[in-house]
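Next up, structure tokens for two forms of one chain, structure 1 and then structure 2.
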Structure 1
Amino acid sequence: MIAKKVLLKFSKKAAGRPIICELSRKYDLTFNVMEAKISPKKEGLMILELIGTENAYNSGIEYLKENGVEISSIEDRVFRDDDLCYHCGYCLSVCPTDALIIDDRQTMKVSFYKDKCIACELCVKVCPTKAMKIRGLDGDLI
């Protein structure tokens, strides 16, 4: 089993259709909607975690593409400006996935593991220097 987080961009044509329901039904994928902004007859965006076998995941991604959905990774959605971070550790206490941890107790430097990040934005809210940043669903900095 694999679990991957993806950012989906729905075209106007695709936004009003039950594509995610069909994705689950046809390809035996479990999904977790992490964020969504979709309106019928308008473009929409969704952050989704897909869980299933690698074959099911790959087939599901192809299905999405065939139905006019653009797919990208969310790994670059949350990021750290290393020039602003002074490793205070505020982010450690709120990160639910240990994407932010102290690897070396000697240096006490905070490491950020994008692959563990679920873009919950909690670190962004508590960072006193605003070193943790987030891109909105449109790609602009928030």
Structure 2
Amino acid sequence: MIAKKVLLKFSKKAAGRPIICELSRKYDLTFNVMEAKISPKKEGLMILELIGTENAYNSGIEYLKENGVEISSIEDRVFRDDDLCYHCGYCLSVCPTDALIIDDRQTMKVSFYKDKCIACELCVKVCPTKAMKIRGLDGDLI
């Protein structure tokens, strides 16, 4: 079994169809919707955690692509510039998954766990020195 988080981008056409439920019906994947939104242009963005066998995962991803959904990994989507981070803690109160957390109460250093990050980008908005950054779907910095 594997569990992977992916960012899905739906075109206006794809956003209107019930695609996601087929992942469960046809491909035996369990999914957890971490975030979903539809832009004013009627395009959809969704962060999903997909859980299933590797085969099921690969077939599911293939199915999404066939249906015009752009897929990117959210691993590394949000990252930290360690030269800019001064471990203040502004981000800690907004991070919903404890991806940003103080583990060591002696040093009070702020740790960032990419695997827990769901790319909600709240830290990016809050970080006073803009140490938290986002890579766009094409890999460029936003």
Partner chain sequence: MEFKVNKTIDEINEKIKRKEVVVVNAIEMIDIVRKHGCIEAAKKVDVVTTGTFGTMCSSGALINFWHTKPKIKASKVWFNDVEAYGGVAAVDCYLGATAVKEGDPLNSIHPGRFNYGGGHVIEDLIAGKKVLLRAEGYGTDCYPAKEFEKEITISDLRDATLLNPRNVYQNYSVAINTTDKTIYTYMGVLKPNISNATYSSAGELSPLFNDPFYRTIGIGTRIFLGGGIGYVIYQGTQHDPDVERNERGLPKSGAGTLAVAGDMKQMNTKYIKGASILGYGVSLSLGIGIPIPIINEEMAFFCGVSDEDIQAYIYDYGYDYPNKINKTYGLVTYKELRSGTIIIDGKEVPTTPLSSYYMALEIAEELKKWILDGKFYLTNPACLIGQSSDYEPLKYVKC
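Counting starts at 1 and follows the sequence of structure 1. Note that the structure is predicted; figures quoted are calculated from it, not measured.
The chain as displayed in structure 2 is taken from the form predicted together with its partner chain. Of I102 and E70, one falls in each rigid part of the chain as it moves between structure 1 and structure 2. Note on conformational change between structure 1 and structure 2: two rigid parts, with the smaller rotated by 34° relative to the larger (from C-alpha fits).
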